[in-house]
Structure formats: structure tokens, C-alpha cells
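As C-alpha cells, one chain now follows by itself in the form predicted on its own.
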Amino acid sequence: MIVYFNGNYLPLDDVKISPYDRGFQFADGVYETLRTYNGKLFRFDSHLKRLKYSLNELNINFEQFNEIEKISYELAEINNLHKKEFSTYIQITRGVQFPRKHNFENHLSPSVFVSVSELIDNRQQVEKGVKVILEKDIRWLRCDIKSISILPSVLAKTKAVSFNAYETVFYRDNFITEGSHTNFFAVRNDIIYTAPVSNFILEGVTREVVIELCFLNNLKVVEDYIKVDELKTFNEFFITGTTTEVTPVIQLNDRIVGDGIPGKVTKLIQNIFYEYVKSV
């Protein structure tokens, strides 16, 4: 595999990261994951906007935004993925600082890493639905930043897998926030609910698209917190994400949702979403 690192296209094994890189020592960095539809990076501008926001919130100095799209396509070409649908991973850390100290210096040069990979087939989950589990949200209070410091989410996702589930959905007090790597939606009386944009959730790009498409198709979306003690009053759930797309939730902890099959509103939103991505 050929990857991009600090201005060079290199075999993955040739990439050398300093042990004094602040990303390695402090998880001091941000990331983005994009995917293609029809060979084109989907909602690139939205991902770029979020990347800029995350970097700005952490005061990481990076200005080569115009290069990212070109790098992604060049990597796809080099790795013979240009005729397939692929995902792009971008990670930017604050850079190398020696000696090690907690406070950062402003003159550091960011470390930039980009890789591409073929998309994994997720049709089974999307068509049949998945199980999720609930977990208390003990992450930091800046979930709006797409930081590489995601160990709580890593542990939560791993716990989900150990319970034969696809995802862990977090809650704070009595309010659902989001999944470990997805946004969470619920349906009641044909009205779609999801947590509002705040520091408690990442403003997902697919979340944004789904809300836009619902509006255009006269489906009502309410951006308000879903209460844990009211989950039984909802008859459908689904999760969204860049590679998760629109995935139905058919089991929540030990509870089977509805008839254990994707609900009608979820399936409608899926169809609208896939018709949309065909045209981009």
C-alpha cells in the first residue's frame, strides 16, 4: 500500500513517525474519513469544513487544504482503487515537539497522513438491520471536535462487538447523544428525532444529508434529545455514518425493535438516500 505522509507518497512500511510527535504522545490531532460514490468523494466540502473546524478548535496550524482532494485521488490511482469505491482517511497531528511537555509551541509543523482503502461491503447490515447496545457517555465534553483521542469510543465499539452488536449508543443522564462512530435517530408517529448539534455530538455529514433529504421529501425531523426512559415509545431506530450510511436498528440491548425488521420510515429514508447518492 502506498500512503501519503508529510509531502511524500511512500510504501506504508517506509513511513517513519517520531516518538516525539504529539499525536503519538498526547493524541494531539484530528482526523476525517470520507468515501466515494460513483468514484467521487462524497460531500467533500462538508468534510473539509468539519476538518477546518476541528483544527481551529485545537489551534493546529494547517493550511494545505487545497491539496487533500488531489492527494486522495492520486492515492486511489496509485493503489489501483480508482475504478472502485474507496474511503479516504486523513489524520493531522500538531507535529513533533522535543523535549516532551504538555503545553504546545505555536511554531510546530503538522504531521499529515492520508491513506485510501477499498470500501467494505455492508449490504447485509444495511438491508437486515443491526443490534446496538447502550452505554453511559463518559467521554470528554468536546465531542464536536473530531479528535484522534477516541479511546472511550474504541472501548465502547469493542464492547459492542463482544455482545454480538454492531454499535454502542451513548447516553448522558437520560439523554441519547450518539453512537461510538455514528449518529442515532428514532422514529415515532412518522416523525424522526435526533440529538441537536452541540458539544455532546459530532455533526455527522451523513446526518446532515439525511436531515436535508427529509426536509426535501416532507418528512418531519425534530432535533431534540431522545430520552432513554422513553425509548419504548419509539417504533423505529437507525444510525448514520460515512460508511454506515443509513443502517436500521432492529435490536436495542435485549429488546427486539418492532417486528425485528427495518421499519417503513427507515426504509423510505434509505431509498431516498440511495437515490440521492446515485445522482452525485
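Please read these numbers as outputs of a predicted model, since none were measured by experiment. Quick note: we count residues from 1 along the sequence shown, nothing fancier.
In what follows, reference is made to the form predicted in complex with N-(5'-phosphopyridoxyl)-D-alanine, a form of this protein that is not presented.
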Just to confirm the contact call: exactly one of 251-259, 223-231, 62-70, 238-246 touches N-(5'-phosphopyridoxyl)-D-alanine in the predicted bound form at a 4.5 Å heavy atom cutoff, so which is it?
238-246
For this chain shown on its own, do His181, Leu202 and Thr206 all sit within 4.5 Å of N-(5'-phosphopyridoxyl)-D-alanine in the predicted bound form, going by heavy atoms?
yes
Which listed residue (Lys131, Lys157, Arg139, Arg172) meets the criterion of a heavy atom within 4.5 Å of N-(5'-phosphopyridoxyl)-D-alanine in the predicted bound form?
Arg139
Considering Tyr31, Phe44, Phe26, Tyr37, which brings a non-hydrogen atom within 4.5 Å of N-(5'-phosphopyridoxyl)-D-alanine in the predicted bound form?
Tyr31
Would you classify Lys146 as touching N-(5'-phosphopyridoxyl)-D-alanine in the predicted bound form, given a 4.5 Å non-hydrogen atom cut-off?
yes
